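Next up: a single chain in structure tokens, the form predicted alone.
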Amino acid sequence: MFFDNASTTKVDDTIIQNLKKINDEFFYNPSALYSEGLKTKIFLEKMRKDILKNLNAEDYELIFTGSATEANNLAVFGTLKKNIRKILVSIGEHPSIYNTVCEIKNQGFQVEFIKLNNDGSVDIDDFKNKMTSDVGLISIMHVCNENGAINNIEEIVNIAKSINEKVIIHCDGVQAVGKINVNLDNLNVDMYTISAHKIHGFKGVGALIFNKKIKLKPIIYGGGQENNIRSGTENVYGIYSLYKAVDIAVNNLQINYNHVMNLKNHFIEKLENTGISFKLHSGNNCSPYIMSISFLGCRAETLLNLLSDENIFVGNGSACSSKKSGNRILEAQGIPMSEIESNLRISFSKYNTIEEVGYLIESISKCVNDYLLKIKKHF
């Protein structure tokens, strides 16, 4: 049973069912000049417009990419200019932003990291202190992929623009779209990243949505597709999955949100009844889709493997950095190392059920108690 939906999700049944039709009608190259190529291009543009419409992004454009990681790289490198004197990034960003800005810092740009609160959200006071008129680029995620913390992007944008109205603000919205309300016209960010496989689309496709006033430089060169910003023949199948996944998720947002919130509440309530010692690292203002939880006295990696033997699959942090020791984000929250070493990430989707959550609790209880008993016998 899969409870690592923050890393990836099962493809939506509707998307799978429609693939043959898409393959029959739109397998052509959108850049081809014959009629079927033009028809595919029209279909591609319709999907682009519909995604923007679903996210209330009327003043924005959209570039399809091969992943959210690529979109995040495009957001940074595509707007980077020599006259940008300072860049602000939250310490809690996904590796595709964090490692990217570490690279440009090595190239001589001034990068400052914004602290996190204990719940994993951005420390607004620290942001205010570091936001000066010479900041040219900001990147702060909408929903944290480690603990589900929701950042107040509107407030951050208002503060930043009041100090430097020309500052470019990027937001990684990968864990937000389809899970919480996303209205880009209200958020007023300059760039916003989305991904298909986090909301039941295919892996290998993402997009960067950006204000029409932003001039992006390409980071991939070739035939000049995607308005000369992202070369490479468009992945029509993948783009269809992104378009359809956004459409399904946005139009069923409240139903799915309520379902997942019920799963989370049920999980916490029943887990408390087991008597197991645990500690949640997800605060009140967070997405119900993601939980950061430490099972005290247990090593996370061992517990993860024990659960896997019970056919339960959970995460121990971002799948993009799971091979690295420690946890940058939890450390920035001020969580003790003993709790970080026992931390798992449990993340739900619309396909999870109450019955599955019941089995999850039973399996956690069994594995934790077995683990602690072995430790006790060893000593």
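Keep in mind it's a predicted model, so treat the numbers as computed, not measured. In this text, residue numbers run from 1 along the sequence as written.
Missing here is the form predicted together with a small molecule; even so, the following discussion is about that form.
Partner-proximal stretch of 130-138, 82-90, 219-227, 174-182 relative to the small molecule in the predicted complex, 4.5 angstroms, heavy atom: Result for this chain: 174-182.
Interface residue in the predicted complex among T69, Q333, S342, S349, criterion: non-hydrogen atom within 4.5 angstroms of the small molecule: Among T69, Q333, S342, S349, a heavy atom within 4.5 Å of the small molecule in the predicted complex occurs only for T69.
Partner-contacting position among K264, H281, K244, H197 - heavy atom within 4.5 Å of the small molecule in the predicted complex: Contact residue from the list: H197.
The small molecule contact at S96 in the predicted complex, heavy atom, 4.5 Å: Close contact exists here: in the predicted complex, S96 approaches the small molecule to within 4.5 Å, heavy atoms only.
Contact test in the predicted complex: N145 vs the small molecule, heavy atoms, 4.5 Å: Although the small molecule is absent here, N145 would touch it in the predicted complex, with heavy atoms inside 4.5 Å.
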